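What follows is one chain in structure tokens, specifically the form predicted on its own.
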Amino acid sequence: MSANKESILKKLADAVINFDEAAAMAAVNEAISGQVDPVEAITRGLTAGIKEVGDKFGRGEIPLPFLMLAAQVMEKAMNELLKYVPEDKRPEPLGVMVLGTVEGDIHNLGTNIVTAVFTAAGFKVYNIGVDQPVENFIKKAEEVNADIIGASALMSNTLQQQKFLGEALKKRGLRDKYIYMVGGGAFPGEEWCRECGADDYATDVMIALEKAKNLIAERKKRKAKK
């Protein structure tokens, strides 16, 4: 690797680590003018930076807002770099996720955090927003060929919607097609996860990310054996 390319990759990583959007975009321009492979700039520059930020968050060294800032910086820089990558050369996402807040619930902070962090970690996330009926989750998942459906409920009186979604997937013969994850501030835990027919649950974004990665990996192994 040339010293110049190494320097640019480090600038990209450092910009994410320092939540510095201006530095990130300057490094992106430098990567483009210096003919650094944009895929490598994403995977070895930006991704290396967000991984370090995620590790720091996991160790309790930085608060959640900083993790979100870093994820937003990465997403903006990555979107700019992707303009220079043909569709067929773009890095495969870790997985495709449809995410939303259930019907009757208008809280979006949790889903916005998940969207930012999962996107930065390499997932393609379709956030369908708040107050979403069961049908909209399924329709979008079918449309984008999702791997994961994520349903958030922040109020105890909207939790039931998570169960309705699990039942609707089962009724339509789609339950095994998707990984179904639930979470949110009102979430009561393992027992409710089983009751609403979900594969797993989380109320912490980094735990959710690890669980999603593991579920995707298990799914790929099962498909490979068939």
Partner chain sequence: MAKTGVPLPSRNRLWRVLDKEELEIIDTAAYKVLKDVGVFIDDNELLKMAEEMGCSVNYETKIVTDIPEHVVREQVRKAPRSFLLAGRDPEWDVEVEGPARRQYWAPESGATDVLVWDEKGKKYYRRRASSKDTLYAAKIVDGIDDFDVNVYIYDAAEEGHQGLPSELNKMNAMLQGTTKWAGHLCTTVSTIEEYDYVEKLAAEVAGGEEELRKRPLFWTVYNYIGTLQLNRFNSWLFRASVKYHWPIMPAVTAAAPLMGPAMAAGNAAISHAGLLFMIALKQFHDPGVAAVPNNIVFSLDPMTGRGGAHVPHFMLGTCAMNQLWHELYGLPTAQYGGTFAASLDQQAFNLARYMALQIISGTDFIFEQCGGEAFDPALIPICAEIARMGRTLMSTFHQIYPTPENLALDVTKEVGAKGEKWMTHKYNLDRLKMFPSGFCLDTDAFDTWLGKGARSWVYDLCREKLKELEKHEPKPLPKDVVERMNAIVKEGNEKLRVR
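Nothing here was measured: the structure is a model prediction, and the numbers come from that model. Positions refer to the first chain, counted from 1.
Below, we turn to the form predicted together with the partner chain, even though it does not appear here.
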Proximity of Glu103 to the partner chain in the predicted complex, heavy atoms at 4.5 Å: yes
4.5 angstroms heavy atom contact with the partner chain in the predicted complex for Phe57: yes
Residue contact check: Asn29 to the partner chain in the predicted complex, 4.5 Å heavy atom: no
Contact test in the predicted complex: Gly185 vs the partner chain, heavy atoms, 4.5 Å: yes
Option from 120 to 128, 143 to 151, 105 to 113, 83 to 91 whose residues, in the predicted complex, bring a heavy atom within 4.5 Å of the partner chain: 105 to 113
The partner chain in the predicted complex reached by all of Ser7, Ile50 and Glu210, non-hydrogen atom within 4.5 Å: no
Of Asp14, Glu21, Asp204, Glu218, the one that lies within 4.5 Å of the partner chain in the predicted complex (heavy atoms): Asp204
Any residue of 63 to 84 that, in the predicted complex, places a heavy atom within 4.5 Å of the partner chain: Pro63, Leu64, Pro65
